[in-house]
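A lone chain, given as structure tokens: the form predicted on its own.
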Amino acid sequence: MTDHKKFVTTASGVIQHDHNHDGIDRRGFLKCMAWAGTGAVFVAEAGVLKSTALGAEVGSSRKHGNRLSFVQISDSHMGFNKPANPDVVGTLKAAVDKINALPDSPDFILHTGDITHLSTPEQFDTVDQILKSTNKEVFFVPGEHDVLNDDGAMFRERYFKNSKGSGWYSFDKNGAHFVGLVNVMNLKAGGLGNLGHEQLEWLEDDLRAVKHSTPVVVFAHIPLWTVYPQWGWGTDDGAQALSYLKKFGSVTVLNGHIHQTMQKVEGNVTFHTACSTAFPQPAPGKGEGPGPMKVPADQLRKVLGITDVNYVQRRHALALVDSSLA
């Protein structure tokens, strides 16, 4: 780009960020709300998120031998049975069918929380059985709906017995470093997420040993950046966590919680929130507040979806492809 501005593009609008300002144009922010199924591949290169036709960039990246590909799903809300979606089992299975039909099989799956709706063993079991048909390793972080009854003990026992604190952990895959964070245990006023001092200290220490040239992927349930604090769509101490990521050349932050696709670029960091596989929520500031939003039955699968993420070693770009269940 020659005008030294960063652009985030979606199907419905453009936000412009100037390097001299930290704020986001609110009008553009709200116009940028887009459901999955835009038919575009998003590639972060030199701090700019570029979009190309669905499949174009992914196809070219497949020519390189050493690559990493994974899928993000989120907010399956197993057990939810309200009019917004009376068949969350069916839509999660549709998401799995979408994953299994990808032309290039992903290496693993990230689930960014609200696996269940009421934290019951039966609901966790159902999700596990459905995801088993992908034959892929699945990495989880909890949503607030997954820790309702026991401060997350069942979640940790089931998925990460050896995780730190309330369930945070990290791992490496094909030249990239992944960090799973937990920001749903001590929600702040209005429902804002919170990481806490202990987890922040662990994060700083974990990243200290990672080379600056290593692509870093951070995933949590509630967005680490402030999407809409009036609805609790942000993390109270997220800025502190993000400050530890400034030294890396390529950072991707993945979240769920808001049940809709939104992307933003700040310097070296690409933020991406994923659609739910269960039900949509309204755009920030639209309607009375967050919560399940009913759409016509024939439109539901157009507003639910998955995210396919691809990384090719020796390139800084991670290509993010949102696809609907329709």
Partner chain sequence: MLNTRTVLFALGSLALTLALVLHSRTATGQAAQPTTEIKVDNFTFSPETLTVPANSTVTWTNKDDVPHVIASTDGLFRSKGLDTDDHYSFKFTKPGTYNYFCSIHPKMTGKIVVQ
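Owing to the predicted nature of the structure, the values given are computational and were not obtained by experimental measurement. Residue numbers count along the first chain shown, from 1.
This next part talks about the form predicted in complex with its partner chain, which is not shown.
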Look up in the model of the complex whether residue 149 has a non-hydrogen atom within 4.5 angstroms of its partner chain, and give yes or no. yes
Does residue 106 make contact with its partner chain in the model of the complex, using a 4.5 Å heavy atom cut-off? no
Its partner chain contact at residue 117 in the model of the complex, heavy atom, 4.5 Å: yes
Its partner chain contact at residue 86 in the model of the complex, heavy atom, 4.5 Å: no
Can you tell me which of 195-203, 96-104, 74-82, 134-142 lies within 4.5 Å of its partner chain in the model of the complex, counting heavy atoms only? 74-82
Which residue, 212, 173, 164, 188, has a heavy atom that falls within 4.5 Å of its partner chain in the model of the complex? 188
Using a 4.5 Å cut-off on heavy atoms, which residues of 257-293 contact its partner chain in the model of the complex? 288, 289, 290, 291, 292
